[in-house]
Structure formats: C-alpha cells, structure tokens
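First, one chain by itself in structure tokens, the form predicted on its own.
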Amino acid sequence: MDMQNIESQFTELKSQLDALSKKTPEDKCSMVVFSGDLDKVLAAFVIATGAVAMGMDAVMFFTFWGTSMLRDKAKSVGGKDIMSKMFGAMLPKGTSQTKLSQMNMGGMGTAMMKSLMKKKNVASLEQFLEMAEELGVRIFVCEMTMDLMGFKREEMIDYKNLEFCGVARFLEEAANSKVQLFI
C-alpha cells in the first residue's frame, strides 16, 4: 500500500468515527411530564433527581395537565380572557393542589398519601421540586400548552433552570438522550 492510500483510508475511518460519536446518546434522561397527578409528578421528580444523583443530566418537559403544577399559587395575573380564567379556576394551581390519579376519594386519598409520605420520611412534591432545582434538573414548559390554557409566564414558579419553549426545543434534548420517558 502506498502512503496516499493509507491516508485516504485513515481519513475515511476518522469520518466514520466522527459520525458514530455524534449518534452516541448522551448520559441524559429526558421526559415528557404530561400528567399533573400527584403520584405521577412525584414519580417524574424521583426519576429526574435520581438520574442527576447518578451523574446524568435531566430534562423535564411539562405539557398539558402537568403544566398547572408549575403555577405559583402566590401569584395572580390579570388580562385573561374568559376561557383562560376558566382553565385557571378548574385546574390545580401549584404543587400543593395536585391530587392522586387513583383513590383520590374527594381529597381524602391525597391527604392520606401525603400523611403517609411524611410519616415514612418521603420527601414531599415541594421538597422534590426544591431538590431538583438544587441538583440542576432543567424544566421546559410547553408554550403551546400555556397559550391554550391561558397561562402566563408571570404566574409560573421561580425556578433557576426553567425555560419556556416549543416541542422542537425539547426534542433536540431528547434526541440524544440515553433515557426517554413519558409520564
């Protein structure tokens, strides 16, 4: 083999290796949080904080019913149309108003679950949210959902790693994640 042929093969191998390295998923967990139910949102935060504790990056994309738990119960904003006001009134506002997906029983099941969690020293949803922020879990909020439900940026929680975006931005993150979940 001549030197030019070896250089050509080396260049081709390097090109193939570069292409493969771009396809290698990152050590990241990306999840869609579609549900606003207490048990499902808790599971999402357990997974996200667990992923970060294992050295992974974690990204949560809140859309539809999951979005309402990110509203700050202490904030209120004006200038909403009637449909936006109705969604705002009908949906839970913040972490404290989330309910169980099963066995809610008019709020009794949710209260029992929260009491049991406290008794067993399981972090509350509020504590998981704080922990997620401290650990650097990134939260993306779906702008389309916010527009549909009449939520405004000003009424959302203060969270260091919160970004308002569309699905394309989240898919950029999820496309190269080792773990992809829908909750």
Partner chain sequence: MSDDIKVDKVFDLKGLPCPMPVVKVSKGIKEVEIGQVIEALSTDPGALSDFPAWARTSGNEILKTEQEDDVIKFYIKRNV
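All figures in this text were calculated on a predicted structure; none of them were measured in a lab. Numbering follows the first chain given and starts at 1.
In what follows, reference is made to the form predicted in complex with the partner chain, a form of this protein that is not presented.
Peer 1: Tell me, out of Leu148, Ile157, Leu135, Leu125, which residue has a non-hydrogen atom within 4.5 angstroms of the partner chain in the predicted bound form.
Peer 2: Spelling it out, the residue with a heavy atom inside the cut-off is Leu135.
Peer 1: Counting only non-hydrogen atoms and a 4.5 angstroms cut-off, does Met144 reach the partner chain in the predicted bound form?
Peer 2: Met144: no, not in contact with the partner chain in the predicted bound form.
Peer 1: Using the partner position in the predicted bound form, report whether Met54 sits within 4.5 Å of the partner chain, counting heavy atoms only.
Peer 2: Yes, contact at 4.5 Å.
Peer 1: Out of the stretches listed (60-68, 31-39, 114-122, 136-144), which one is close to the partner chain in the predicted bound form, meaning heavy atoms within 4.5 Å?
Peer 2: Result for this chain: 114-122.
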